[in-house]
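Let's start with one chain on its own, the form predicted on its own, as structure tokens.
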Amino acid sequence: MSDELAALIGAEIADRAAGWDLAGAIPPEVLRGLGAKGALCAEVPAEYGGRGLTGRANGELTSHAGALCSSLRSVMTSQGMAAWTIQRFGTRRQRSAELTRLTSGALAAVAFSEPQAGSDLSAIATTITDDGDEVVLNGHKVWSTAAAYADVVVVFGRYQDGAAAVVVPTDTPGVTVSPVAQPLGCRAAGHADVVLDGVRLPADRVLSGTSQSLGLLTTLALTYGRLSVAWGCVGIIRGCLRAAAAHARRREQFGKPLAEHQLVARHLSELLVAEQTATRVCEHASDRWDSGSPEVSGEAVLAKHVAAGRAAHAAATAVQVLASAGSVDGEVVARAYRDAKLMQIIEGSDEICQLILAERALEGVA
């Protein structure tokens, strides 16, 4: 983890996360300032203005943000996923132009899900159609994190005989961005629906300019997102552990601190086990990412599933320990309780993760 970027993120969040959560928004100038200093997509190589962090170092940075504000961490995940998609599929010219924008203060989102294509991304209906030296996009994307703030959205859709990702400026005629009203979790993450109605763009906005396999395209992008969400869940658990331990140490009942009551001590031990378990599985997956292992996709699913489940349980446990002190909307464990539930849905629901992991288990059976 970059100590400089960690300090920068900590200073920007300070004690404002609760206010952002209650208001449902992070000031755009905060996001642009962090983006211009390379904090929102820190894995981008230095040649494009990024920090060039390894996956593991970026994961620790992500967990640091997640412990303080899951909404900001969600923006980091979206910005990083957009940058990774451009880096992986863009031409040299596209990488130079688009990644440099994202490390200079521009904000980005990615758009996968649709009204009929959530867990089943094979049902994506958004179309990208050639028209001379332009392409025309039509479709309806839902729950695109950070889209409410974004200058560009990386849109995934059907193209030629396969699929493609297109970098779409949100000020293009035909693009309508509608914020999701009162989301359950990560309320300030800028969740929004994006409607594309006859959107015309130069053909060079299509990453690589060619059709790709829809499965390959979405899997590679989602692998980054799953790792980022997993590390964000580590952060949620760490935030809950700190809050619960501090409360149990200072709060007294029946003449002694809560921490000296055995049932409360059990809760604290479970929080520690959750933090250690989620951390180790995320470290393992990030090491696979950094080594370029073909196993990274499966390891990312495992990390996301384990960390999200542990985070949801940890948040519920922390609320139990803090009791009424943890039940005030906007405060750290109350936010974590809502935010962690959302983590069990995005970037692959618990059920989808379990199906993928079951297939992996069966691969070793003769």
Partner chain sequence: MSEPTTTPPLSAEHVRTELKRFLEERTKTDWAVDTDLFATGGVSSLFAMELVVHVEKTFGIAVEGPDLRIDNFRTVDAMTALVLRLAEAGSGE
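None of the values given here were measured: they were computed from a predicted structure. Residue numbers count along the first chain shown, from 1.
The same protein also has a form predicted together with its partner chain, omitted here; what follows describes it.
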message: Residue-level question: is Leu121 within 4.5 Å of its partner chain in the predicted bound form, judged on heavy atoms?
response: no
- prompt: Taking heavy atoms and a 4.5 Å cut-off, does Pro173 contact its partner chain in the predicted bound form?
  reply: no
query: Does at least one non-hydrogen atom of Ile346 fall within 4.5 angstroms of its partner chain in the predicted bound form?
result: no
- request: State yes or no: in the predicted bound form, is some non-hydrogen atom of Glu363 no more than 4.5 angstroms from a non-hydrogen atom of its partner chain?
  value: yes
statement: Within 4.5 Å of its partner chain in the predicted bound form, heavy atom basis, the matching stretch of 108 to 116, 273 to 281, 165 to 173, 292 to 300 is 292 to 300
- prompt: Which of these residues, Ser96, Thr127, Ser178, Ser213, gets a heavy atom within 4.5 Å of its partner chain in the predicted bound form?
  reply: Ser213
- request: Work out which of Ser269, Thr100, Gln253, Thr219 lies within 4.5 Å of its partner chain in the predicted bound form, going by heavy atoms.
  value: Thr219
task: Enumerate the residues of 247 to 267 that have a non-hydrogen atom within 4.5 Å of its partner chain in the predicted bound form, in sequence order, or give none.
output: none
